[in-house]
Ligand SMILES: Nc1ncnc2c1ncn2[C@@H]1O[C@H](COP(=O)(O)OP(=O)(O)OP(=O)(O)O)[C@@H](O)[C@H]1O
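This document starts with one chain, in the form predicted on its own, laid out as structure tokens.
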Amino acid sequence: MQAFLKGASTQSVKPQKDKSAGTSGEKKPRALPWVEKYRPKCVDEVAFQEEVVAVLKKSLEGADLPNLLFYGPPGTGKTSTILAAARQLYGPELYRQRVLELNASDERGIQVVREKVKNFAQLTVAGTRPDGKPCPPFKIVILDEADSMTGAAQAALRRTMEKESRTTRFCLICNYVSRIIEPLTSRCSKFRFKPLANQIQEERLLEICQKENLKYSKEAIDALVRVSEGDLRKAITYLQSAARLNSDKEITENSVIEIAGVVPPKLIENLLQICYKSTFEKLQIAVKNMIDEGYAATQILNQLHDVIIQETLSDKQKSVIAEKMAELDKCLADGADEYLQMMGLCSVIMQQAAQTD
């Protein structure tokens, strides 16, 4: 039996050797997502957040760094900013030793705060780098998505932040500052990250297009800026998807709208015109077609809201429609049927439009 097993094991090893020998000679270049590839390498490259950049520049020049709390919408550069600052402060060699980054995907309960974070914060560090440049005698703990931490874990962090202030600085990053407990926010310098201005987004997207040698139309860039709504990460991801989809062809507005899952503006306009001037039966068909096409009711709702605000209806009519939209949003969040909810909203728009005639 032993002889049989021995023979079987030697046979199974042989093909693995041949396989590894064939692939070891070839090394493929790493394909990075463009979001990572074009992430700011230094604080100066951070777009549009002037106040934060000014504070971090002072700390890079030698001034002390306070505990930080970055909050704002997704894709506005919160994580990129603190990572760029940390790399500038410590250099590539010391970065791994001096920075502890915990994301929402990591375990960050009360036990981790009491053990991992506390043990890291207690370590003392020198004030020089291997390349001879001066660096601050403190470490940085980055807690990304801090608003998803439990109340108990946040409470456990209070004492550590105060006790280890000589050796460690904390940077809390979140989307909703109201979910961070008051004792933590009072210990930090708060910075709000604004949604990126259209012009800033356009400049960064054009820069990436140039570096990647992409063919694009001006309408496509405008569409990217419009659908991303101030979220640069989303805009860059859509641009990369569009570039992969149209490898040799020009990136057009239609391809961007298709990738983003946005309802084409013509369809929204057509739906409104049916509400204003057509019959209930035609409205049923139009709504059913839109749902059957696979457009999400929440997406249709968001775009309808933006268009209704610009319409020539009276303020009272707009307020009635907006109230119905709020109800619809809540019902959709609770899992209501999309077709019935959209019919309810379109019926209200039809009623309000009929009052003007």
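The structure presented is a predicted model; accordingly, all values stated were derived computationally and were not measured. Start at 1 and count along the sequence shown; that's the residue number.
The next section is about a form of this same protein that is not shown, the form predicted together with the ligand.
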ask   = Of the options Ile291, Leu313, Ala47, Leu328, which one has a non-hydrogen atom that comes within 4.5 Å of the ligand in the predicted complex?
value = Ala47
ask   = Arg98, Arg233, Arg187, Arg226: which sits within 4.5 Å of the ligand in the predicted complex by any heavy atom?
value = Arg233
request  = Please run the contact check for Asn175 against the ligand in the predicted complex: heavy atoms, 4.5 angstroms, yes or no?
outcome  = yes
The ligand contact in the predicted complex: Leu196, any heavy atom under 4.5 Å = yes
request  = Flag Lys118 as yes or no: does it have a non-hydrogen atom within 4.5 angstroms of any non-hydrogen atom of the ligand in the predicted complex?
outcome  = no
query = Does Arg204 make contact with the ligand in the predicted complex, using a 4.5 Å heavy atom cut-off?
reply = yes
request  = Could you tell me which of 261 to 269, 71 to 79, 279 to 287, 107 to 115 sits within 4.5 Å of the ligand in the predicted complex, going by non-hydrogen atoms?
outcome  = 71 to 79
